[in-house]
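Okay, so here's just one chain, in structure tokens, the form predicted on its own.
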């Protein structure tokens, strides 16, 4: 039980430090366009790094995961709504897995 409290404390401390350090270290406005553009893309890169492995491992077959990802990427590229992208990707994965199960 003590490990749970320790882990929770460590996670809270790390989260606090991540949010507090930029406020303490950067007193002036950031004027560098390179740093601004780097900080702009960090959330997208982190989200992609966390999401992509989960996409590939969440189905029973790698092929259905890749096809579902491609469908989602194409729909997102054409700026469709998030609910439509999610439903179409899930539906595609379901149909592809049913076809794979039927074939083999």
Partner chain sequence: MRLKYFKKGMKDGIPILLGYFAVSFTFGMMAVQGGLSVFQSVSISFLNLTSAGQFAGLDIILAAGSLWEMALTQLVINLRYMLMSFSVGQKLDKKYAWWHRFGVAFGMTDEIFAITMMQNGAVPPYYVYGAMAVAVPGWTLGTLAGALAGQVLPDMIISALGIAIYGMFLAIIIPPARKNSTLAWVILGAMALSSAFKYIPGLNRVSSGFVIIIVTVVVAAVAAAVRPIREERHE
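Numbering follows the first chain given and starts at 1. Values in this document were obtained by computation on a predicted structure and should not be read as measured data. Rigid core (definition): largest C-alpha set, two forms, superposition within 1.5 Å.
The protein also exists as the form predicted together with its partner chain; that form is not presented, and the subsequent description refers to it.
ask   = Is residue 5 one of the residues lying within 4.5 Å of its partner chain in the predicted bound form, judged by heavy atom distances?
value = Although its partner chain is absent here, residue 5 would touch it in the predicted bound form, with heavy atoms inside 4.5 Å.
Residues in 33 to 53 close to its partner chain in the predicted bound form, defined by a heavy atom within 4.5 Å, in order = Heavy-atom contacts within 4.5 Å come from 33, 34, 36, 37, 38, 39, 40, 41, 42, 43, 44, 45, 46, 47, 48, 49, 50, 51, 52, 53.
ask   = Would the C-alpha of residue 86 be classed as shifted by 2 Å or more between this form and the one not shown after rigid-core alignment?
value = It does not reach a 2 Å shift.
query = Rigid core fitted, then: does residue 73 show a CA shift of 2 angstroms or greater between this form and the one not shown?
reply = Superposed on the core, residue 73 moves its C-alpha less than 2 Å between this form and the one not shown.
query = Once the two forms are fit on the core, has residue 44 moved its CA by at least 2 Å between this form and the one not shown?
reply = After core superposition, the C-alpha of residue 44 moves less than 2 Å between this form and the one not shown.
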